[in-house]
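Take a look at this one chain, the form predicted on its own, written out in structure tokens.
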Amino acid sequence: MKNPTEEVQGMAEDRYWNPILERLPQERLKELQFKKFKRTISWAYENSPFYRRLYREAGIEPGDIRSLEDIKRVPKIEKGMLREVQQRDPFPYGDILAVPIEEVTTFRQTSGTTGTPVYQAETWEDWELWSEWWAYILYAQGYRKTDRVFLPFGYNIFVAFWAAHYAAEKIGCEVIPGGVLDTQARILKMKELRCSAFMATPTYVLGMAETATKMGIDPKEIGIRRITCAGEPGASIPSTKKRIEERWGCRVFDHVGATEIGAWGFECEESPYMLHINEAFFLVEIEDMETGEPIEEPNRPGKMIITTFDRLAKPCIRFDSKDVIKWADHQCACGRSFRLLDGGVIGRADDITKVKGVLLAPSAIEEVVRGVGELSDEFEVIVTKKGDIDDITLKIEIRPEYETKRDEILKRLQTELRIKTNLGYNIEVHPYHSLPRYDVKAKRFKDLRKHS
């Protein structure tokens, strides 16, 4: 029979997918990261002509990296370089490939929302790694063998929730793939099978709730206990998370990743609006967006530079992700030693722009709009230039039952926008359900000044 101390220890360890790595002291974690970085850069130098050429041109060899501080000397890569290298052999990945092409077993590509898609090669081991990353995420969010998980996404060439599917199976969940079903059929199937969890973009989660309500089904009565979001920052934005949780009557969790990088960050059950970096598999650096100076102190936003460990086919070393993040000023109550990001991914360096001399992040507008309960879930922001003056238009929809309060709603919205973003807006009220609805990543922010 177990003694009480062993029982408490067992309960504690049941919170973690890998209790050894997730609770490894930061000092030991840094030692592990350095060893993995050395192994990763050596693999890339020896096996990838792209990386060998990049490092030789910079006068760097793997042996020059003798400490974590030396990593900052290693050249960064960015998405444009990955697109360019695809023009070389071997087709279609280019000479960044670090394994014989015969060892590539899985093809994925980026969504192409910011340009030409980047093709991602994975070996069998790489794809198993994806599943392991996601197992950390799902376990931290409370997924267990007792869950019946619905995947309402179109299974295609984008990475989307492919790895989440395999990780849920790895944990022992029952997985229901809802790929070819339309939204109504997905809702009916979730209700019929009494699913306990599902995963989608925040936009689609809200869209499913709206569709269910039109069908006469209260989303809260379906029985969902947890939802994992990805693809957009919405689940780390308080007003958006609140909307989703109120509609579905359950916990909502965020996750972040990218095709080129992997599933690198996750929200746990203890710290809403905070993201753990999976530091056993990824090295995250934060740089000042203007000077490139490393940022170690908390609460100072900067650009994320990230390295993925253990990947064979297409190494990802010091990738300039353009994601804007900031360190939190505390450790998480969950007991994981992995560091936290405050507010998750705040936005993208590409999207944070000056309007009328004020730095604006689209996520700040979303926080305000989604905080006004009388508005629908959809909105659009259009930035243009009239002569030499920036002009910003916000398109919204008012829920039909609140049309009589239009003036009061618009006044409150303008005030909140002014307080939160320091800007005034031309607000256009569009008929309910006339703005675009999105199934995957929404495209709500459009800066047309570049085209004028």
Partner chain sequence: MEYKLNSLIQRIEDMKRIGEAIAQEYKEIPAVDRNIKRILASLRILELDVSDLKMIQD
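Since this is a predicted model, take the numbers as computed values, not measurements. Positions refer to the first chain, counted from 1.
The same protein also exists as the form predicted in complex with the partner chain; that form is not shown, yet it is the one meant from here on.
Only one of 216-224, 367-375, 285-293, 129-137 lies within 4.5 Å of the partner chain in the predicted complex by heavy atoms, and it is 129-137.
Using a 4.5 angstroms limit between non-hydrogen atoms, Glu403 is distant from the partner chain in the predicted complex. At least one heavy atom of Lys36 is located within 4.5 Å of the partner chain in the predicted complex. Using a 4.5 angstroms limit between non-hydrogen atoms, Leu435 is distant from the partner chain in the predicted complex.
The partner chain in the predicted complex is approached by Phe281, whose closest heavy atom lies within 4.5 angstroms of it. Contact check for Glu210, Glu397 and Tyr425: none of the three has a heavy atom within 4.5 Å of the partner chain in the predicted complex. This chain lacks the partner; the member of Ile261, Leu312, Ile171, Val355 within 4.5 angstroms of the partner chain in the predicted complex by a non-hydrogen atom is Leu312.
Interface residue among Asp391, Glu31, Glu416, Asp70, judged by heavy atoms within 4.5 Å of the partner chain in the predicted complex: Glu31.
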